[in-house]
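Shown next as structure tokens: one chain only, the form predicted alone.
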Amino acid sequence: MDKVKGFRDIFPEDMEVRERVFSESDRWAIAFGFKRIDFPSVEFLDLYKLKSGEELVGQSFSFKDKNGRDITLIPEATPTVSRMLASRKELPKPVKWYSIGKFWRYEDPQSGRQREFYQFNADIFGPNSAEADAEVIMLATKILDGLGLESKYEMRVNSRKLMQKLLENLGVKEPVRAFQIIDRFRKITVDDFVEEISPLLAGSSDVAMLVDILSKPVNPDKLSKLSSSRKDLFSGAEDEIARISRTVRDCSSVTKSRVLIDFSVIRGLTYYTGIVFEAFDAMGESRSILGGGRYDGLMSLLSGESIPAVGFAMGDVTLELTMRKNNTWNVPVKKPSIYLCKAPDAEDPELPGIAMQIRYRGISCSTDLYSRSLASQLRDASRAGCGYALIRGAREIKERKISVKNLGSGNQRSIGLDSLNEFLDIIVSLVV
């Protein structure tokens, strides 16, 4: 029977790598002082109608429950996390939360996009500062760097406040509509973009100017020069230029990957209010690996209390494509593993205790479940990628010993049961 379109079967070899992705994300989130949360898989659809815009609502897996209420599988985390914080107003700020979970969107499956996916999310609630902006972006860079992608991606940063002022200076009367078109700038041809944006601008020279700015990411120094040479274009945006420049400089100090200011990065969701950012493969060959920004107005819609917030989300689908392309997806995961073999014709009452002694040390330990020959057990151990086989035959049982076979070199020796912990110490140290 076929699986449902847009959903994935994830087998052990790929799940193991995914666990490495989750572990690296978890490690860096904790290092930055974030606390892990979890939340329901379903929400009232009204939460997304109010917070995320019609496009996302149209992509939701929504249905009516038995009481006739509109329910949806959660398509993203931000509204849910904001709802959770609204129920805990007493928490001291800043609140720094992260999560790793499954999400669902009903959209056409294609390269880099599935209808069900894993996603890492991190948010800071409370401070409206360049430091908070930089912290979430730095967390994102360190996760990607830790997964072997340093210098293989670009972090591109922009500000909606800056873009709104720029568009106003160009005479745009509908900045929200312009944002929607700009969000598609790198997804459509330049001719199509010009056709869509032209009705919002006064003349062809303004259109040409906007296309030029959107086409060329810059570093903070070039932004300063650009804003100085085109004061008419950036008038009124001086504070936001200083803020975004500082944020980009701080983030650049912690990674070898390029951190740039890209005016075409605008983010499609309606709740973003300030800085926005996305990470892209350095060769520009795939959709964004992650994205986020500042959403200072969302909490007031939920609780009536204005709480500044900034965060990002990283899905596993595009991340996997990027890692595979850069040969970092199938990097072997170093985990100690042992196969505990037993003679099929020998009673060994100590075997379960020996297996648990190994497992208590955090070492994977498999045992034979079929009463097969020793040769079959050793073949199984090799196929499973175990580093060692520990053998308990009739002689070892009688003498309270274990034969230790290195499955890589083939070398074998015998140790006493009282020396097992010393051997396990060595196994653990080899993979730390």
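From 1 onward, residues are counted along the sequence shown. Predicted, not measured: the structure shown is a model, and the values here were computed from it.
The same protein also exists as the form predicted together with a further copy of the same chain; that form is not shown, yet it is the one meant from here on.
Q: Would you mind picking the one in R267, K342, R156, K165 that has a heavy atom within 4.5 Å of a further copy of the same chain in the model of the complex?
A: Among R267, K342, R156, K165, a heavy atom within 4.5 Å of a further copy of the same chain in the model of the complex occurs only for K342.
Q: Quick check on this chain: which one of L170, L73, L200, L260 has a heavy atom within 4.5 Å of a further copy of the same chain in the model of the complex?
A: Checking each option against a further copy of the same chain in the model of the complex, the one that comes within 4.5 Å is L73.
Q: Is A178 close to a further copy of the same chain in the model of the complex, meaning a heavy atom pair under 4.5 Å apart or at it?
A: The answer is no: A178 has no heavy atom within 4.5 Å of a further copy of the same chain.
Q: Does W329 reach a further copy of the same chain in the model of the complex, with heavy atoms at most 4.5 Å apart?
A: Judged by the heavy-atom cut-off of 4.5 Å, W329 is well away from a further copy of the same chain in the model of the complex.
Q: Is F185 one of the residues lying within 4.5 Å of a further copy of the same chain in the model of the complex, judged by heavy atom distances?
A: No, F185 is distant from the partner.
Q: If you check in the model of the complex, is S129 within 4.5 Å of a further copy of the same chain, heavy atoms only?
A: Residue-level check for S129: yes, a contact with a further copy of the same chain.
Q: Can you tell me which of 228-236, 191-199, 89-97, 210-218 lies within 4.5 Å of a further copy of the same chain in the model of the complex, counting heavy atoms only?
A: Contact-bearing stretch, as computed: 89-97.
Q: What residues, if any, in 177-203 have a non-hydrogen atom within 4.5 angstroms of a further copy of the same chain in the model of the complex?
A: Heavy-atom contacts within 4.5 Å come from no residue here.
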